[in-house]
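Given next are two forms of a protein chain, the same chain in both, each as structure tokens and marked structure 1 or structure 2.
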Structure 1
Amino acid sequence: MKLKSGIILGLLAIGGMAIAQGLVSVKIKGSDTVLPLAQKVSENYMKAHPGSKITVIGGGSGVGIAALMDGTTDVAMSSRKIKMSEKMKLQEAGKNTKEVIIANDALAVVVNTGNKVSRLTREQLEGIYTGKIKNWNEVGGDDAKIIVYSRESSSGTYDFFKEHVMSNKNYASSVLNMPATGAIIQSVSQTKGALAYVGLAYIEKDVKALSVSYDKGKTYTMPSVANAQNKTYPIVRPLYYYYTSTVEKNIKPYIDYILSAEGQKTVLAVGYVPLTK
């Protein structure tokens, strides 16, 4: 019995030393928006703490939170706040959930580089996504059908756009739902009449970001880190990590790293909006 107790105490001591040295073993799953940031931060953390093992998988915010519910991930990354129904299910399963905002993100509206439209109002975006506006000539563009892309319903970005841009109105049945942001970028870059929304970090030269107005066309603002920080760009959202209190102690060094000045430098370098300037 003494021997068994000694082994347990020894293992606990080793575990405590590992945590003190910053060594962690973490599974992270969820939001495609958060994915590039989580991958880079985790890569940097493992370089600084050899022996740590961090795996990061996308799939959507809803997928990550579902994995947290069934115990197949330690951390769910999400581009939306956890829903009350999800929180209740976790509580019913005896899981106390912790929430950490790790960065902010500006949600950009993008079109094909050949599109002459350079700006849209919130009302026009709502009209396009609800199916009331179907042709680019209705918003100052060429006479061409608008090919509308969206993330699928398990995506936190899908929910955020519906709530904050579409005033909670339903997406039109003609909207093409895509499983990942990378697929949206590819589709927009190859389709002249396409329009979509993506996280700021995903903007590249193959697509064109639009200026957006939230005051019925009086002022238009481009999506950028600076405009998100000075609050002139209107479509900005927090990005979350969710985890249960049972793993909190083990992953604390990693969470502390993301929130540190060094971690927030990585946030900026990858194309997201740091929590502080």
Structure 2
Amino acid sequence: MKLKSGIILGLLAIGGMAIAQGLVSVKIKGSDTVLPLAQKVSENYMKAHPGSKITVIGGGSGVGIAALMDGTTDVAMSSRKIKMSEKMKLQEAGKNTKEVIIANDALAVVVNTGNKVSRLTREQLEGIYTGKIKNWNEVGGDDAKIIVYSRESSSGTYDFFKEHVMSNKNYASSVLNMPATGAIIQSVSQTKGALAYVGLAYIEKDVKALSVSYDKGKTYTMPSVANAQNKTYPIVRPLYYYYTSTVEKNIKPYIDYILSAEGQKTVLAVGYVPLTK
């Protein structure tokens, strides 16, 4: 008995110290887009605070928020804002959620390096992805069929692009769906008439990024970290952490770390756009 209570007391003491030193024990689940960032940040955090235990699991934004509802995760990472319907369900379950933006991600529209088109408007992109525009000569290019690539419908990127660029219309069924961004880059680099969207971090010399206009062609902006940060580049989405207010105290040091200058350095290193102060 004595021994047992001694152990408990000891554990309590360690626990007390733990909170003081910024040790956290947290489960994070959700978006595969946020996954690499969350992993890297958590790794760094655990290195700086030995004894912390952060588990990061992917699965998709929807999966993460669903896990938050049934209490199987402490934090849901999401590449889109929580939906009204999800917010309502969480509220029904009696959970008050907090939202924090941990970084931004810019989507770049890319084409084959041999393509002479270097800029498109949002309306043109919508036309191409919904199947109304089919030939490059309709948007100032050569007479060639536009081969449209997209991520699989299960990805948050697919939804984001649909909402922000295609004004919520459905993709044309002739759009080619690729299982991963790596496969998209490979295909665009070897297909002359290709058009696709990828995360900013994936732009490389094998593909050409286009400048995009959201004001019907008055100004075009190239995708870059700087342009995304000063908000001149339009296709930018925030990456979120959602958590219930009950765990807020426990994970605060971790959240603070992500938002700190050091945490944001990791954001840049992973290929996302750091938050502006």
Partner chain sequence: MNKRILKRYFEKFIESGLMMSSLVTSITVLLIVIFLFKEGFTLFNRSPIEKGMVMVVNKSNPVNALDAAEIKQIFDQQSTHWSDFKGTSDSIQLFRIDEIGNYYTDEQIGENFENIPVLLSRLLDSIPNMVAYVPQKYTQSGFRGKVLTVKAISLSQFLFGTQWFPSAQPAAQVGIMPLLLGTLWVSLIAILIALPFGLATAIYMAEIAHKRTRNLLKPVIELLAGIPSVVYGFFGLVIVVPEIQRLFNLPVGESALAGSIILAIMALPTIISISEDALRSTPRAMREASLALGATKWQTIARVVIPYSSSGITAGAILGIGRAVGETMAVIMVTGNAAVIPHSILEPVRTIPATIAAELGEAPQDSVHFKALFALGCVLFLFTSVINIIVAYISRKRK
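Predicted model only: the values in this text are computed from it and were never measured. Residue numbering: sequential along structure 1, first residue numbered 1.
The chain as displayed in structure 1 is taken from the form predicted alone. Hinge assignment between structures 1 and 2, options Val236, Asn135, Tyr257, Ala172: the residue at the boundary between rigid parts is Val236. After fitting the larger rigid piece on its C-alpha atoms, the remaining smaller piece is found rotated by 21 degrees between structures 1 and 2.
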